[in-house]
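What follows is one chain in structure tokens, specifically the form predicted on its own.
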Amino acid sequence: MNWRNISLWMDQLDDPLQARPSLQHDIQADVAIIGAGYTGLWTAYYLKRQAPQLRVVIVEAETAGFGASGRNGGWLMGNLLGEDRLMASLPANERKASFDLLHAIPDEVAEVVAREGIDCDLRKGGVLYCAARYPEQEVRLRDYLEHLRELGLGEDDYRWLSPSELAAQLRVTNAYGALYSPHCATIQPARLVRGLARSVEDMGVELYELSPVIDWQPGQVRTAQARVTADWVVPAIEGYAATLSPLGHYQLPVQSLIVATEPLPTDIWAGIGLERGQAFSEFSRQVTYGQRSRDDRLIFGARGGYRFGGRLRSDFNLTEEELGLRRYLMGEIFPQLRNVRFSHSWGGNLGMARCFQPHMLRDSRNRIALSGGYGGEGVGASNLGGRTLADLILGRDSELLRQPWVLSDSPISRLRRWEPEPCRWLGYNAIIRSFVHEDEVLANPRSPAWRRRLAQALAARMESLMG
């Protein structure tokens, strides 16, 4: 199986990418984990760190890193999707403690990769949220900064950069300013997930690949050849929740699509910046994001799509239209790259929870532990999820469990369900179309003021419906 075609990241591996043995015989374990992506591997790692006597078994349908863990944009964020809404009602001291916990995620991962000798190009250069292309972005970004200040986050967490200050780190066309946060690192994500897989095996975790789960229930996971009976089951499948009922009611697969340029020469990078491994995002609802790889490629992604019925996408050969949108957006930000060659293009399925609300849950009655709904921010959030699930399973009392995204003793059915089709498909596409329309109107300097206001109001209204 040519797993190197999954993404640039998998293509760059020195790993021979040979499959581990599949599950052939029934076994008994303390914890059975479905999926060898970040969530499953981090959960196994922290379980074995705290309770090395446990028998932990992971079953993976393909190979470690086949899913979003080997396909993402490489942002290791000290954030959680929707964190501001989740923490808004907390007392100020508790809210600060929760933010501190999130902001420490990149440092926690850095500590682990140093301890385990995992070379994943981790560089903590922070993140730049840029207002560029049209002035309305600056207004929205300054409003967002004011909101962060109201939550108690200060200059050490988010700092406004003038256009000249931004240019010292990143040079984009028509910059109006940016927000800089230090709480983000960039990585080579496939090297992290493959390194974690080797590390947990060294700790005694049993990892079976090419073993797709065909049925699961409390205390049992079954593949076509054998089954694992366990005290605890952890379905760590994120964007693939639709494959294991009833999880598909609570997490929908949506796609994010990414391109990578060929390695760019020194003079081009001298005109762009990003010398310290910073992540960057243009502050539009198109959700563009990127980083400079270790081998001097520009990695650039943008919002993907949703398929009717929550169907997974397996073919990530990007269409001309999909490539064209990313080329257009990248060229608007970096005109010198309008004609650059893309060496790789790829995408992945990620999990989106209703109301954009990630969850970390222990169903004590059915002995199920679940973390997911990261909404495209799972590289860092999965580390937090793995630590949290380990404490939930072990019954430890820790700060991790006293967070508003943790449901310590709740059935899965407590999670909010997505609406039935065709409501989901119609709603998603209407929302995305409003974002595209807004971007087209605002990016055109000849658009009259009334039309600009109308496009923004419609997109803002549609965005509110997603939450």
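From 1 onward, residues are counted along the sequence shown. None of the values given here were measured: they were computed from a predicted structure.
Beyond what is shown, the protein has a form predicted together with a small molecule; the following relates to that form.
Counting only heavy atoms and a 4.5 Å cutoff, which of 410-418, 394-402, 43-51, 28-36 contacts the small molecule in the predicted bound form?
Result of the contact check: 28-36.
Go through 131, 333, 352, 77 and name the one with a heavy atom inside 4.5 Å of the small molecule in the predicted bound form.
In short, 77.
Can you pick out, from 286, 256, 98, 199, the residue that has a heavy atom within 4.5 Å of the small molecule in the predicted bound form?
For this set of options, the contacting one is 256.
Is residue 358 a contact residue for the small molecule in the predicted bound form, using a 4.5 Å heavy atom cut-off?
Output for residue 358 is no: heavy atoms all beyond 4.5 Å of the small molecule.
Is residue 281 one of the residues lying within 4.5 Å of the small molecule in the predicted bound form, judged by heavy atom distances?
Although the small molecule is absent here, residue 281 would stay clear of it in the predicted bound form, with no heavy atoms inside 4.5 Å.
How about residue 324: is it within 4.5 Å of the small molecule in the predicted bound form, going by heavy atoms?
Residue 324: no, not in contact with the small molecule in the predicted bound form.
Should residue 66 be classed as touching the small molecule in the predicted bound form when contacts are defined as heavy atoms within 4.5 Å?
Because a heavy atom of residue 66 falls inside 4.5 Å of the small molecule in the predicted bound form, the answer is yes.
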